[in-house]
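A single chain, nothing else alongside it, follows as structure tokens in the form predicted on its own.
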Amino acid sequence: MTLPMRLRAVSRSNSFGLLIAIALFVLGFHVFAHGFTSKVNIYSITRSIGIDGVIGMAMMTVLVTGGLNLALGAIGVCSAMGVGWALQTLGLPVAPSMLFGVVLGAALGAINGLIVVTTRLHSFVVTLATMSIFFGTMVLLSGSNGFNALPRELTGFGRMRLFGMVSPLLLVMFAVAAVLFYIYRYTAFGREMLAAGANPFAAKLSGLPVERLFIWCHALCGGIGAIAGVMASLRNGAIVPSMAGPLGADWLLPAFLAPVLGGTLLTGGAVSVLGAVLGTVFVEVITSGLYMLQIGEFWIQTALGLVLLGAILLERGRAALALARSTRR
């Protein structure tokens, strides 16, 4: 492919469009929203980008299969509570406690995947049920009591400001993005997950263990969701059952917005890690700017919902256009 053709392809990509939109909104809010580019607000934005970006990438790993994970928020909260229990009740060091939380999240995700492939029910139905089961079990075991005596190294990391205005949680998101990019781009395991999601029937005929790959996708989602849960607790300074809202529902909108805006197909088989990162930045810039313009919470949520709906309709339109072109050929 020649350089002009590559530049033309880049200019037509979701990522390029998001990058332009981000630049325009940042410029607009800088002019009209006083304090938007202040150090305090940049710190707040980067902290939210770090957490919501990891949430979006966790959902992306299940969207690969053409499925959903409505229990992502519940898994994240349960995993974070597991970390708090390991730290305060068992007295484990930070590293083993974090590992325990990630393993717990991956196990809960694998349970979702196992139920989906064995019952052949849609993941929407399965994860809608497990969302209540996971969250309810966690509340029952914990008695709705949180953990607020976190080690200083954790709370200090959560409050740290790099260059006086950047949250280190942003670096955690970049690390997760780098790992996922490597998996999907350079490993056979990642390519197999994409192939299984694009066409499960054809993948099975070619010898791929589709059911096992789907379980791994859900496990990966749960493990990354656990990381997001711990990151959210660092922002709050404590691990509490309500940090992701009732049943973890507060994570659902950011979980879908970032990957869908970034170009991940709801039908499965295609992801864009860079697009998910840029989608998160786009959403957080809009949200922060509207708050600083003193737009009501209701209107902000309405705007984000419209953005998600628009992204889904755009994806459907592109798919229909691509199908029409292939038919003509």
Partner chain sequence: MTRWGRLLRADWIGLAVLIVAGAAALSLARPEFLTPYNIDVILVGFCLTVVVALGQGIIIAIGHMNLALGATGCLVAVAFGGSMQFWGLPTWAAVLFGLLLGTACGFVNGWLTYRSGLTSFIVTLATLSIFKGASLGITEAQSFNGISDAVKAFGSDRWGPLPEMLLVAVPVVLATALFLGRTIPGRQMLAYGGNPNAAELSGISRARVVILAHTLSGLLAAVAGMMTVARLQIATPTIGDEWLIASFAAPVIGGAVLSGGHFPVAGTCLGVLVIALINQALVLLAVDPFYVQVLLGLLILAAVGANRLREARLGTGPTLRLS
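Small disclaimer: the values here were computed from a predicted structure and weren't measured. Positions refer to the first chain, counted from 1. For clarity, a rigid core is taken as the largest C-alpha set superposing within 1.5 Å between two forms.
Not on display, but discussed next: the form predicted together with its partner chain.
By the criterion of a heavy atom within 4.5 Å, residue 211 is counted among the residues contacting its partner chain in the predicted complex.
Contact between residue 275 and its partner chain in the predicted complex is not found at the 4.5 Å heavy atom cutoff. Among heavy atoms of residue 66, some come within 4.5 Å of its partner chain in the predicted complex. Its partner chain is not shown here, and in the predicted complex it never comes within 4.5 Å of any heavy atom of residue 38. The listed set 190, 168, 146, 200 contains one residue whose heavy atoms approach its partner chain in the predicted complex to within 4.5 Å, identified as 200. Checking 126, 87, 215, 172 for any heavy atom within 4.5 Å of its partner chain in the predicted complex turns up a single hit: 126.
With the partner omitted here, the stretch from 256 to 264, 23 to 31, 284 to 292, 38 to 46 that lies within 4.5 Å of its partner chain by heavy atoms in the predicted complex is 256 to 264. Contact residues in stretch 266 to 304 (any heavy atom within 4.5 Å of its partner chain, taken in the predicted complex) are 266, 298, 299, 301, 302, 304. After superposing the rigid core, the C-alpha of residue 296 moves by 2 Å or more between the shown form and the other one. After superposing the rigid core, the Cα of residue 23 is displaced by less than 2 Å between the shown form and the other one.
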